[in-house]
Each structure stands twice: as structure tokens, then as C-alpha cells.
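Consider the single chain below, provided in C-alpha cells and representing the form predicted on its own.
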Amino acid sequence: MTSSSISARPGGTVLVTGGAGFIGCAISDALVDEFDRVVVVDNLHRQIHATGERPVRLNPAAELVVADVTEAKTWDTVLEDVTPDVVIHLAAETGTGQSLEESTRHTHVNVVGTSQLLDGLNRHGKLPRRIVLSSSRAVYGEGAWQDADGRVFYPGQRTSETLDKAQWDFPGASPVAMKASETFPAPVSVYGATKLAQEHVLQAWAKSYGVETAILRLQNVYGPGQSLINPYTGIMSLFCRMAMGGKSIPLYEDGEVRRDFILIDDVASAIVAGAVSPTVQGEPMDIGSGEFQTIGTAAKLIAEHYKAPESHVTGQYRQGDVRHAWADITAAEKVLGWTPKYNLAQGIEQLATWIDAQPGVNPA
């Protein structure tokens, strides 16, 4: 986030749902600096918080309310005392693969959790000036591709039949960067569908009540502070734990899957910019590193850090995964005055160094 993106310290109160999680802890220091009061609502789910205790990385000045965002009584209790100027809505179930097996859980938390928050704000007459939503690149599904003549098309979800034949890409076509103003959302996972529903529910509600929205579609977030016990938090920490045990990292498909890996520091600055920027646009913006890498490249850098064996291609695949994904971040740079600062090598070094310093971390 650049200094030009903030005209003055906004002050007031910020309410952060899911604020004791990976991203919430990462933004807590900046929020304490920017706002007079920071209130965090989080249920400290054991899938992420093994001990159920307040995270050390959450700024001590942030007030933590342990409660469930899907329950109306949570908002009746919280909003009796809190009048938010800005709401940052992070609370969500995030496992792409897990969402196929626990679709009710993901839908309940992501969609009903959002509607309960909005109903509570309305019920108590405490409409905020702005709501920032952490959405996901999963809303795009496979996204847009171009054929040999440059025509854009949407191939839709890859089938088990084609994946079983190791037909990873769409023949004769090339993927296109994901851009909210141009790429039509077509999720291929339950998780992605619930995140798109979050966006639609929030936009319909906010436009009706004149509440500003900053909807940020995040790419693959990783970095220090990421849960090391949650198997659905992403591949980067898992790769590190494999390599630290001297194992060869297994690569799904052909190892050439493209991803936009963005360090938590850059995500945190984007979300804070969304909260404090003088102006925002009502339509979604994409948040990524500004470039794509293959999972093979990420695995190679991690293996080199740990002096582990070279990675190997398994040919396996996971239902709900998309082939390629990276962001066009032009809108966020223009509207929020935000730019990412870290490349993949720098980010992996930060993540691996942090993991190495954690007590009791077992190799995967």
C-alpha cells in the first residue's frame, strides 16, 4: 500500500469477522494504527486454531469476541456495544477440496454467515460506511481462454474423463489472466460458488443501503502465520514440510499448473488499503502478485531451500482444481494505489524461515 492511497488516518471503529485467522492476524497491527478501535469476531475453529486460544500474532489491542458469525445472537451481542465504521469480512470456510465433501458447512458459514452479519447491522441500525470482503479467484473457475485465432471462450469445468486421460489443458487454446471487469465468473467448486454468492448478497444489500463495498478477489495466499495443522490451507506450507523432511515434493497433473502465489504481506496491505482508501469502486478487484508461476517452480525453490531431492510428477489430480489462475491487478493498483512488493523467491524464503523457527513442526 502506498502512502498516497491514504489521505488521513480514518479513526473510528473497524469490525473484523474471522479476524483471528491467517489474514486477520496479518492485518491487525495496521488496523490498530489506523483505527481507534479494532473488534474481532472469530470462533477459533480447531481446524485452524489447535488450542482454541487467542493467536499470539493477533495485535494485543484488538478486542477478540469468540463467537459464531452464523448465529443471530452473535450480532445482537456484538452490535449492542460496537458501532462499526468499517467492516472487514474475512470469516469463511476456505477448503476447495473439502467443500465438495462438506458443502453444507461451507455454504452455511460463507453465505448464511454473511447474511446474518448484514441482518444484524440492519436490525441494530448500525450500517457501516464501508464493507471490505475477502473474496477469491475461485469464483472464476477455469476462467477465460483464447483459441488460436485470439477468440475468447469459456471452456468450463474439466471432466474426470479428460483428466483420467491426462488431458490437462484445453487443446489449441491458451489461458487468459483473470480480470473482474472482463472475466465472467463460473466457479467449478462449492467453495468458489459460495464466495460468488457472498459477493452477490453483499452487493445487493450494500447498494440498497448506500454502503460502500471493496470486494477483493484474492489469488493463492501464503506466508508466515499460515496454519500448519489445517490440510486445506494450500500447498506452500505443505511443500515446505515435505522438503524439510528430505522428501521429494509430488506434483499433481504435469507440474505445469499455473498459480499466482501472493505473500501474506501483500494481501494484508491490499485489504487495509480497501478499508482506509478515500475511495473504492463497487465492483470486485483482483489481488495477486502480478505474475504467474508453475507449481513446479514453487516446488523447486522450496526444495533448494531445504536441500531436498528434486520434485516429481505424479499425474494425480484433484476434483475442483482449475488448470491455470493468475490475476490482472490493474484495477487494484489504480483504485487503491496498491502494488505488491514481493516476488515468489522472497516469499518462499520468508515462509520457510518462519516454519523452520516454529517449535514442534513435524515434516509432512
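Each residue number is its position in the shown sequence, starting from 1. Remember, predicted model here, so these are calculated numbers, not experimental data.
The same protein also has a form predicted in complex with a small molecule, omitted here; what follows describes it.
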{"property": "Residue (of V69, V38, V322, A298) lying close to the small molecule in the model of the complex, criterion heavy atoms within 4.5 Å", "result": "V69"}
{"property": "One residue of L58, A331, A308, L44 in contact with the small molecule, assessed in the model of the complex (non-hydrogen atom, 4.5 angstroms)", "result": "L44"}
{"property": "Interface stretch in the model of the complex with the small molecule - options 45-53, 314-322, 28-36, 335-343, non-hydrogen atom within 4.5 Å", "result": "45-53"}
{"property": "is_contact(G18, the small molecule) in the model of the complex, heavy atom dist at most 4.5 Å", "result": "yes"}
{"property": "Close approach of I23 to the small molecule in the model of the complex, 4.5 Å, heavy atom", "result": "yes"}
{"property": "Close approach of F239 to the small molecule in the model of the complex, 4.5 Å, heavy atom", "result": "no"}
{"property": "is_contact(A197, the small molecule) in the model of the complex, heavy atom dist at most 4.5 Å", "result": "no"}
